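Considered here are two forms of the same protein chain, supplied as structure tokens in two stand-alone entries, structure 1 and structure 2.
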Structure 1
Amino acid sequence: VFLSSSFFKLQNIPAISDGKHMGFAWGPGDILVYETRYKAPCILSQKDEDIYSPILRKLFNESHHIFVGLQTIREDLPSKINAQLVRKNPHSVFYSDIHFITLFSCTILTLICFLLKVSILLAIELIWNLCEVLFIDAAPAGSLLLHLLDWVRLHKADVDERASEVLQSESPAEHRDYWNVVVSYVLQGRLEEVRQMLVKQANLQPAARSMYKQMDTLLSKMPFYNPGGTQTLTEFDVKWRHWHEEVDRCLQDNSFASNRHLELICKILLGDEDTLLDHKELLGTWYHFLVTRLLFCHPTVKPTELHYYAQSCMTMFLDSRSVPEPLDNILLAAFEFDIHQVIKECSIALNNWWFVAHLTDLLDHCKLLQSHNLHFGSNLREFLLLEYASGLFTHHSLWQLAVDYFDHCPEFGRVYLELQIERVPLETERKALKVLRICEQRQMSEQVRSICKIMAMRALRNNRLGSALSWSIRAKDAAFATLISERFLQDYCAKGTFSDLDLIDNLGPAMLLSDRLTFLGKYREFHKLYGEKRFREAAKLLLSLMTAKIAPQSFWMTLLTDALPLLEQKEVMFLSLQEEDVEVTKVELLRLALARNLAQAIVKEGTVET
């Protein structure tokens, strides 16, 4: 049974004191504990572990692609959405990797878990397809029944498996499941298949061939509504009633009294309730009973009448002592066209937000969901997407999918993303770069700085100075860049060489982040000039480093030592201090003269105007 209560692990929580209980509720990675006065036993619901299941990983990824594509659709919305859902629905996505899943289920416990997830996914697909028929297609009377027949046939595929087994046998008409297959085909309204099967039986019974011929005529005459045809619904209804009266006359005339199987088929064609209920095993579910009853009793049923027939069929089909399962309540709410109740029941019955989030988003895009604000300010679509995405963020790789869900929540999506992105563990630089790229694309400057500082500090603790400097530059953290630059200079004093030369050689404008980083870059440039034997340029740069006062005091002696080889060159590399002073004096005098001339010009211009 789909979505039965046995799917969910429940435990009673004892009272902490007389008249009081403790309540527990699992969240995405956390547990909420609260005190309650509720007298009935409280329930501890199972923690959502679906997102950690490798079996469902592909499902989450595929549904994410559909979700992202759906957000870009604007015109001709319903038909495009339908096309996408038909191509990529939960059933096809899940079973496309069925071989891997079977291999994965190597233990009894894992196999049970696998079968459980298959049952839940089949139930989800059943709900999804029904919502597609009722809410998105919104088929009118006549067409509605055709869609419901397709819906039942899709989810009752075991008939074809048994039919294949029967037809592959040596004598299909004598197979033990032959008549079960025939009746199952009739219950699904697949009358062409029924006629083909009956031919095999007629060939074995030449004496009863006329009886089988009469049944074949009845089956071939049964009218089905054609939405694309010229026949109106009223004309179809009249034609169907004539056919129905003909079937009833055959039964009253005992035309098939000598063959109980053909008589049974005749009763089903009349929609006899007792006959249908006698074949619960072949029907399987009350909603199959509903569609079969509509097919043979009310083929022009209107959407507004569905809830009445659905309720009565469920009451007749289920045992009076049995309690409806969660799936029954969900389908009944759908037949009542109560979208919000469907979402509510699914939220209660399913142990994750995946289905309700995507269903709500789909209905919202089709303008079928009334957008009413919740008490905390967000609409229902956004609330469910936020909850689902928050759960994905607890997974080590699926968190990347959650980013797109947050992006399409206009009210609170960015706030949630900013809070969740800070909780992503940065185990490697590769993962840190992924997180950083996401933040940079969304101009999340505070998170960018935080990530860069964390990675820079980690690299510094591991004595990876190049990586630490790169992260600090990316964070635009002048203080930390100064600290790492000093570590580079200390290492140079100790070892006589620089590490991470590629990084230092390509600092570019980034060296202006701090004075110490500027000194590091320029000092490395001095060494390059010296190594290329461009002594005059090297000497000029070294002199500017000495006079700029950006070198740490502990490094002054090193600079003086670097100047010694240049001082011993045959050619004079350093200008005298006097020459330097003369050049500076000339510049200062020129600047003063220009300033005085400008002042006189302004005064004279003002006097003329006066």
Structure 2
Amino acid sequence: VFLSSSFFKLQNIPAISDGKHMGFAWGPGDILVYETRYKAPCILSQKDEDIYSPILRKLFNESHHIFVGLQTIREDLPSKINAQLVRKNPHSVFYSDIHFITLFSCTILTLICFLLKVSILLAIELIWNLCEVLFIDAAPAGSLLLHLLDWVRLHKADVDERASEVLQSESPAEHRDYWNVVVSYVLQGRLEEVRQMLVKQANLQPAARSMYKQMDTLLSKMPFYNPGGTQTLTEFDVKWRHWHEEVDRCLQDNSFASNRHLELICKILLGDEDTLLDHKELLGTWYHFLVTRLLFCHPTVKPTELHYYAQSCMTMFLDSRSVPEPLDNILLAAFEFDIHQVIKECSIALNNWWFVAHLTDLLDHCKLLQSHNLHFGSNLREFLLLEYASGLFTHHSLWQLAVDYFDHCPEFGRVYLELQIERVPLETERKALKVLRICEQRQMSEQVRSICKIMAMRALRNNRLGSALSWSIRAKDAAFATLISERFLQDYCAKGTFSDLDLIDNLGPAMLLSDRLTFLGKYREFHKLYGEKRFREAAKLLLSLMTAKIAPQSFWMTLLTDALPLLEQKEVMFLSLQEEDVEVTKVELLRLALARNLAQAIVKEGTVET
């Protein structure tokens, strides 16, 4: 199966040796290229522009919204309500965006690409609606045909356009397209509109009034099954056969022989195959032919019988073209109620996982999918969602959508997310915060740590010590907080003053993150106390700093130097220590005396290590 789900950039690849070929395999977001002797038939690879088109971006965002909504619907809601929720939105997605075409000047090639995209989108909607009708609504015989009629009418909008053109002309009944419109309406089973159109013709031909009246009666009497009514399917069938016989009689006794148009309509009402096939251009597609034929031959068709008719209709319709197109195969698989075949064919035909991923997810939620267990253990729905989301992750902006998809893949989603989320480039703090929030909400502590470290290092390189500290607090990274404190202390040693006082003065509980940081905060406090001439408290603090052993060794000299002026005033200082334990006081005195000695010795020797 050929899939293209990521943007293909040209890169220099080292030369492949003689006689060998290049093979490749797609990965989530990248491609593995290798040397091989095997030569496969040529496969076209193309740039996947789908992700980048603005219209498709809207599609991706809207469908993401719907997807997330679908995941949180409670289990006990009937599947039909699920489908309603989804059905409410796709039309808005498709129609509003396709009709909102702003074609500024572009080359023919762009135009073709655009139209191709539009046609793909239309095809997707066609398939999607059919899947809803057949799989999710799962209408029984009787209603099935009505739903199929709706489906065909929805996707053949040009009839209304032509009709309005005809009706707005001066003399509608004489318009050259008049009969085409009438016949198109008949083919779609829109008999009310047919009758309204025929009235105009009848007014022009008073001589043929009785004939038109007869046709009008026939049209008005065609029974349509009413699912909500009291009539059973069998009763409807009987009634329909009566009507069918009546139409047949009209044809047999040449009631409409003088007017070829009315006779044509009569034949169509009987479901005559040859007549229908004569109007291939008006039908347009084999599935329209199928629905029309069913309408006028087998309105009580059962779902299980559908594929017989589908196959034969397709064969009859497509006699000139021998090979059906991918779309035809997909629709046929749908008529055969072969969900897996539909998904498989769609995966092959469409070069983006969007459609199959969402369709499979919807079907899975309606419990219609017996999941294949693929050999690496995850089921089909998850596989498709993972492929789709991985493709999204390669996009510079849509990666955020992918996160929710991974969340709802129970088996491998988390692993995929962990691998991908670290690759998101973090150009601004705001983006880093968003990525962090995603990781924190999912308890991905390793990724949190690594992202915070990247941002903290970057801040440190730019001398933004406050930012760096804020990142290490978020990651609760004591080691990094220590690093930052070292920077501060080095700055102090170098300049003699503290930089970024607003930060150090206001550390708050963050001070406790690392010993070094605590030391920094306390040391600054010591300076403040000294500056305010609160020598006793300053001395006490300095003492505790020395004894608590949180000062880095490189700083001991500085501490001792700070202690010097206080030692000179030691009489004043120690009066406040009366309440302390005598033994402790003795130890402290000893320590201070030693320190003083050491300081004096160093000063005397005149060798100070800088």
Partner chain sequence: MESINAKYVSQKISKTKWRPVSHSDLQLPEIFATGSWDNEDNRISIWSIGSNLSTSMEDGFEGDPQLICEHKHDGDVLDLQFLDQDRIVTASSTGAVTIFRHHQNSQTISVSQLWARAHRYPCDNAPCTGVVCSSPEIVTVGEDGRIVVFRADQEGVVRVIENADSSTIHAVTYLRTTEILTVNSIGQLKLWDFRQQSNSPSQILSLSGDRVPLHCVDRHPNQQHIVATGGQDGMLCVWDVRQGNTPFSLMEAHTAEMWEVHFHPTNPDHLFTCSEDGSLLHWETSSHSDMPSFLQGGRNSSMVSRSAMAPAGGKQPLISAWLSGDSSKGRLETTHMLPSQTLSVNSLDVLGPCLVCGTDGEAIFVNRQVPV
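Every residue number counts along structure 1's sequence, beginning with 1. In this text, the rigid core denotes the largest set of C-alpha atoms whose superposition between the two forms falls within 1.5 Å. On a predicted model such as this, the values are computed, not experimentally measured, just so you know.
Of the two forms shown, the form predicted together with its partner chain is structure 2. Here residue 278 does not count as shifted, since its C-alpha moves by less than 2 Å between structure 1 and structure 2 after the core is aligned. For residue 244, the Cα coordinates differ by under 2 angstroms between structure 1 and structure 2 after the core has been superposed. The Cα shift for residue 412 between structure 1 and structure 2, taken after rigid core superposition, is smaller than 2 angstroms. Note on residue 599: its Cα is shifted 41.5 Å between structure 1 and structure 2, core used for superposition.
We note a C-alpha movement of 5.9 Å at residue 539 between structure 1 and structure 2, with the rigid core held in register.
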